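Before any questions on binding or motion, here is one chain by itself as structure tokens, the form predicted alone.
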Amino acid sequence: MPLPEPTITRLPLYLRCLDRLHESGEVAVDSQTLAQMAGVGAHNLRKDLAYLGNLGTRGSGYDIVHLRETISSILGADRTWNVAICGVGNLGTAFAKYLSSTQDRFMLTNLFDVDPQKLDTTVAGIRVLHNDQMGARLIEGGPHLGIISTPPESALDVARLLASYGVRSMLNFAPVHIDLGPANLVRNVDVGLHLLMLSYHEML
């Protein structure tokens, strides 16, 4: 049975905290400590982890290795995912450099653009290809996650193109809302909207 959406959004936070605890040599963690590290309520954390099974032990908390492995398996973080970036402007270039330098669960494999000045250049060790070459690259390379960092007027077409080549899950950073229906998951991340919410709080 699929997990509730709020739980899915919090599991990556727990995993990041567990990674840090594991790297520091800790072997167990209680719910209150893990909740504080993740910035969530302890009740929500215990409820989220209850969906995953009986993982905690009264008095000793959660075994970090076991909990980390369980969440990794559920999120698919125990494997490496290929990532394709469409739109290699300033934002796309920043994502490419981030993925190539700091991530081990996500591997940058493809960069696409339509700007003649960007084509055949190299960013983070990956050659920028034209969108017309997307099909062969994505189909031959296996399952991919997509990042859209194009101008807003082309973002929907790019999302549809990615979906047509089997990319079912995407992050869209173009300032336009994209919905491709239930068969595809598009997370729309509009930085401008978040800045407006921050500016509202500054006005209070």
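In case it trips you up, residue 1 is the first one in the sequence shown, and so on. If you superpose the two forms and keep the largest set of C-alpha atoms that fall within 1.5 Å, you have the rigid core. Small disclaimer: the values here were computed from a predicted structure and weren't measured.
Beyond what is shown, the protein has a form predicted in complex with a further copy of the same chain; the following relates to that form.
- Comment: 39 to 47 is the region of 133 to 141, 62 to 70, 39 to 47, 157 to 165 lying near a further copy of the same chain in the predicted bound form, near meaning a non-hydrogen atom within 4.5 Å.
- Mapping the unseen interface onto this chain, T109 falls outside it, with no heavy atom inside 4.5 Å of a further copy of the same chain in the predicted bound form.
- Contact annotation for S169: at least one heavy atom lies within 4.5 Å of a further copy of the same chain in the predicted bound form.
- A residue is said to contact a partner when one of its heavy atoms sits within 4.5 Å of a partner heavy atom; S24 fails this definition for a further copy of the same chain in the predicted bound form, lying far away.
- Contact check for L180: every heavy atom lies farther than 4.5 Å from a further copy of the same chain in the predicted bound form.
- Annotation for 185 to 204: interface residues with a further copy of the same chain in the predicted bound form are L185, R187, V189, D190, V191, G192, L193, H194, L195, L196, M197, L198, S199, Y200, H201, E202, M203, L204 [heavy atom within 4.5 Å].
- With the core held fixed, V191 shows a CA shift of 2 Å or greater between the shown form and the other one.
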